[in-house]
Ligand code: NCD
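Only one chain is included here, represented as structure tokens and corresponding to the form predicted alone.
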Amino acid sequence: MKSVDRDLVELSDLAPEAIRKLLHRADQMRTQQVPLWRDSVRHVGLIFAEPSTRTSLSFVAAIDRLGAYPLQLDAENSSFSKGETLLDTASTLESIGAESIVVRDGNEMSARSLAEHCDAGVINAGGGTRAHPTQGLLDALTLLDEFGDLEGKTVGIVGDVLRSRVARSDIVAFQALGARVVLVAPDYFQDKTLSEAGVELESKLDDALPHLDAIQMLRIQKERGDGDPEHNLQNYVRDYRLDERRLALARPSLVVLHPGPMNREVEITSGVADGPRSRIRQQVANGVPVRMAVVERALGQASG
């Protein structure tokens, strides 16, 4: 029987100490000699039923640096288009030799279902609006690189919280490291149920900014349904876009994150995204060691 600690479906499944251990291992991975494994062949299946750039490419890079081999497919060029189920696709990958399966799907329960039915270690690479655990880990690692410790730090998450799986995973990761989390959004993008997770809700970015140590700007996710941002877009840009004028309200030490892809000039200006306070490129770079650590764990090879 598979050990359940090989799966990563949601960060909330893990104790804070387990999250810290994964982040420590990711930090170690940055200085590991690669490929890490040379003595046997290991395969990792990649099922991306939704578009992805950063996540899919960094998983491939992570698998390569470990010394494993990716079995990569996407919905458009697979038997999904012929009606094959996700579970049958995963079963095919296991039969070919995949010992871990990475899945991104619009159904938030897909990764959970695969974890329950597959012998392979399952990694959720983004499920619906519910969870994106590796993004939460890499965002936390980026802040640890900056501050060393998140105890007593305040992190703002701003924008389309309602439909953001990143926000939900970030909350768990940041709180596990001792941070205070503030969700900043207009009513139509706020999820008031998240107050039960111990976060603070704020409607005015200008009021929150002076108190933040870091800020995560979220993309408006038009592909996930009506928000409805369209008739509010000008107001949204006026009240929530992070630009140079608004950045002047913040502490000089504030750092800026964005999980990508960015709607430049909507939630963030190019001047801020490419400016000295931005850690967006570091987030992308940190995706590789984080996913190395997670894949290692999913294959049952975790060490360090």
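In this text, all values refer to a predicted model and were calculated from it rather than measured experimentally. Numbering starts at 1 and runs along the sequence shown.
Same protein, other form: the form predicted together with ligand NCD, not shown, and the subject of what follows.
Not displayed here, ligand NCD is kept clear of residue 214 by more than 4.5 Å at the level of heavy atoms in the model of the complex.
Heavy atoms of residue 45 never reach within 4.5 Å of ligand NCD in the model of the complex, leaving it off the interface. Ligand NCD in the model of the complex is not approached by residue 276, whose heavy atoms all lie more than 4.5 angstroms from it. For residue 67, no non-hydrogen atom is located within 4.5 Å of ligand NCD in the model of the complex, even though that partner is not displayed. Only one segment in the set 28-36, 47-55, 247-255, 234-242 has residues whose heavy atoms sit within 4.5 Å of ligand NCD in the model of the complex; it is 47-55.
Exactly one listed residue, out of 154, 190, 110, 221, brings a non-hydrogen atom to within 4.5 Å of ligand NCD in the model of the complex: 221.
Proximity to ligand NCD in the model of the complex, taken as a non-hydrogen atom within 4.5 angstroms, holds for one residue of 124, 100, 135, 142, which is 135. Shown without its partner, the chain has 165, 166 in segment 158-174 as residues with a non-hydrogen atom within 4.5 angstroms of ligand NCD in the model of the complex.
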